[in-house]
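In structure tokens, one chain follows: the form predicted on its own.
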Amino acid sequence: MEVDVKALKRDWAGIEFDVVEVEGKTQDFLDFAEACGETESRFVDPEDADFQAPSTFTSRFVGRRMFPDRFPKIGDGFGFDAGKCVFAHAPFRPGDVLTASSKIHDIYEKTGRSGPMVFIVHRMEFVNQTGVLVSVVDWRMVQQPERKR
């Protein structure tokens, strides 16, 4: 199966396809900080005047859908996770409600030892209740149109 990556990008990149809300909870922030080994007071002490979620906290969220409706299936597998990149812009504090919108940010192709791979960058942008951009999370997924066996 050959994939026209330029056409995929032209037709699907930039289209918002999912919106979810998440609320900042102190215990969730503390649990995440402990799991990450954070030691800074602003991440581990709710009494700290600057208490907030660790910078990568929003990477734990996913939308209700991975792809827009009718997004073409590439290959015969589910693909695999190629990593996340988090851009922290503003603090996420307890009680904040973030609106997270999902879109396909980019689609590109690379060739590896197992053949061609299509990278799909799923972007979630998190905006707080006052309209401030808090975080952007780019999640790269790899699909293989044809796999060498």
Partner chain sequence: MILDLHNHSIKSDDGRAKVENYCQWIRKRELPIDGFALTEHRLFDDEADYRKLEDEFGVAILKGSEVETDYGHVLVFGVNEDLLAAFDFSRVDLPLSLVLESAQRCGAVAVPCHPGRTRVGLCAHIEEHGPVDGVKIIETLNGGSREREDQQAMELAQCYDYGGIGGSDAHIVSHVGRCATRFANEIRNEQDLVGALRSGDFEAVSWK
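Numbering follows the first chain given and starts at 1. Computed from a predicted model, the values in this text were never measured in an experiment.
Note that the form predicted together with the partner chain isn't included here; everything after this is about it.
- Task: Tell me, please, which stretch of 49 to 57, 88 to 96, 103 to 111, 29 to 37 lies within 4.5 angstroms of the partner chain in the predicted complex when heavy atoms are compared?
- Result: Among the listed stretches, the partner-contacting one is 103 to 111.
- Message: Considering non-hydrogen atoms and a 4.5 Å limit, does the partner chain approach Glu146 in the predicted complex?
- Response: Yes, contact at 4.5 Å.
- Task: Indicate whether Pro116 is a 4.5 Å heavy atom neighbour of the partner chain in the predicted complex.
- Result: Yes - in the predicted complex, heavy atoms of Pro116 and the partner chain come within 4.5 Å of each other.
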